[in-house]
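Shown here is one chain on its own, the form predicted alone, set out as structure tokens.
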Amino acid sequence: MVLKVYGPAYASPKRVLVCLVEKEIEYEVVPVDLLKGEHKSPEYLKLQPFGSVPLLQDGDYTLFESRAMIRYYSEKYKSQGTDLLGKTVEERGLVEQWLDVEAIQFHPPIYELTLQIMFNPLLGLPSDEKSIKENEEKLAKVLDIYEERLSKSQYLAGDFFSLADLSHLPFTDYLVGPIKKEYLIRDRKHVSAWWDDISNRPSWQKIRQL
């Protein structure tokens, strides 16, 4: 049975889909319209009690939370497709470290920018300019640390593309696109080169078409 990924139009599900493409795993996508509240339906909440996307069904096995999914499939199919976890325990440690940095340091400010600049207008809500300014400043500080790190290695966990890099793709794509704050990337030489590298991978280009 082909696994199903719910909510392909949004950033977090795309994190999962690009991982599946890198790992050469077949999948189906199941649309979920957040603006219509489909993620809050009783049927959906039985599968994902927090009412968010993505949700993944693999036969009788169900997972939610995108970073749990990419860790799981990268481990389960480690010898298939791109090795996204590293070849040694030490490399794996760095992958996990920078994947946590993405989740804890990078994601909160970029997610808030996405809400304020992209989604609030779609929902007819005002954008909070103070929040935009504060979170842009927070994100800039994180990217300064990335700039230092990427001056020493091609990718975040070393000289190999990994989950640590992959996990940044969907929301950074918003940042340089509809959020219109590409300068946060381009003003940093090494971050800019890294973004050009990872965003031009065939796997990401395929998912962007969805």
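Values in this document were obtained by computation on a predicted structure and should not be read as measured data. A residue's number is simply how far along the shown sequence it sits, counting from 1.
Unshown form predicted together with a further copy of the same chain; subsequent notes refer to it.
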| message | The chain here is shown without a further copy of the same chain. Which stretch in 29-37, 160-168, 174-182, 59-67 comes within 4.5 angstroms of it in the model of the complex, by heavy atom distance? | response | 59-67
| Exercise: Val89 in contact with a further copy of the same chain in the model of the complex, heavy atom 4.5 Å | yes
| Do Asn120 and a further copy of the same chain come within 4.5 Å of each other in the model of the complex, heavy atoms counted? | no
| So in the model of the complex, does any heavy atom of Glu134 sit within 4.5 Å of a further copy of the same chain? | no
| said: Test of understanding: in the model of the complex, would Ile104 fall inside 4.5 Å of a further copy of the same chain by heavy atoms? | reply: yes
| task | Indicate whether the candidate residues Phe50, Glu75 and Leu94 are all in contact with a further copy of the same chain in the model of the complex, with contact defined as any heavy atom within 4.5 Å. | result | yes
